[in-house]
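Next comes just one chain, in structure tokens: the form predicted on its own.
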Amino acid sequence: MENEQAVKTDFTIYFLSEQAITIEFGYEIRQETLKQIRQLDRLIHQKPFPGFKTTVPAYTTLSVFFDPLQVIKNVDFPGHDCFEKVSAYLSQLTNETGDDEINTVKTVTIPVCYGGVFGPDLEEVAHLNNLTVKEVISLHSSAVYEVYMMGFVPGFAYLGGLPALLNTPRKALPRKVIPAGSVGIAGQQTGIYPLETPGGWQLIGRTPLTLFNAEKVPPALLKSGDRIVFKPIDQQEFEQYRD
């Protein structure tokens, strides 16, 4: 069918723990690798094996977590242990098809107030990259980003697609407290702090949106695979969003 496709790619499977394995898709962070990870991730969730718990996608890997007691009792896949059985399942799964990503990708517009108290490092980012503040804002808000992975705190989305002209190293001295909603740059990545937390990213702005709320389902606004667009707003608009 037109909306189905199989995962056809080379990867390496290695032991992570008694309850998990990791599938590695090479070492380069690139769009094609991200697509392959998402395809396999969707297939696993659409066609789970007995004992399957969850997956954790990252830049170049996909970790699969499972209940070892249920897996070892599964006679449908060959193998003497959980690693061999889950590896056999994955090898078989890559030849099957699942729903295409077209209908599952979500585009989220994130309003951002750049600079000032919300983006204390905006001028430094401009200076380090020989740009004006207006050029930094224009470049950052004109790109379409993708959520490559989630971490290091609940709801934190690592976004790929940052324009090369904005590549900026982390702060030499991390801040002890970064306000929730802060938008930062670190190397080739941009991201949004969903919670108040320490961090070393260069802060260029802040969004009034709530990125993580434990009382909601799902609790995180963003998920791996989402597309993100940043929309510049002024401080008055920032306050209106919060009202």
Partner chain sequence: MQISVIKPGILSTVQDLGRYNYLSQAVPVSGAMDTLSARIANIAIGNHENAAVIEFTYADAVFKAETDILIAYAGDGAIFQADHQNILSERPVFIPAGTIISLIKNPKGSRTYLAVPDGWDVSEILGSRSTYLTAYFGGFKGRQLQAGDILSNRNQSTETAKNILNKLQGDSINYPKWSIARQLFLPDKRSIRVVPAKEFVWFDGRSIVDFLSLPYQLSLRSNRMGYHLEGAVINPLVKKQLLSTAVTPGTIQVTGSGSIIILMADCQTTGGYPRIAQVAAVDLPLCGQLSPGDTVYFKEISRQEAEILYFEREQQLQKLTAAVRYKFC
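Positions refer to the first chain, counted from 1. All values derive from a computational prediction rather than experimental measurement.
The same protein also exists as the form predicted together with its partner chain; that form is not shown, yet it is the one meant from here on.
Taking the partner from elsewhere, residue 54 is found to have a heavy atom lying within 4.5 Å of its partner chain in the predicted bound form. Using a 4.5 Å cutoff between non-hydrogen atoms, residue 136 does not count as a contact of its partner chain in the predicted bound form. At the 4.5 Å threshold, heavy atoms of residue 59 reach its partner chain in the predicted bound form. Proximity of residue 24 to its partner chain in the predicted bound form: non-hydrogen atoms within 4.5 Å are present. Each of 29, 68 and 154 comes within 4.5 Å of its partner chain in the predicted bound form, counting any heavy atom. The stretch in contact with its partner chain in the predicted bound form, judged by heavy atoms within 4.5 Å, is 74-82, chosen from 137-145, 118-126, 74-82, 169-177. In the predicted bound form, its partner chain lies within 4.5 angstroms of at least one heavy atom of each of the following residues of 194-220: 195, 212, 214, 215, 216, 217, 218, 219, 220, in sequence order.
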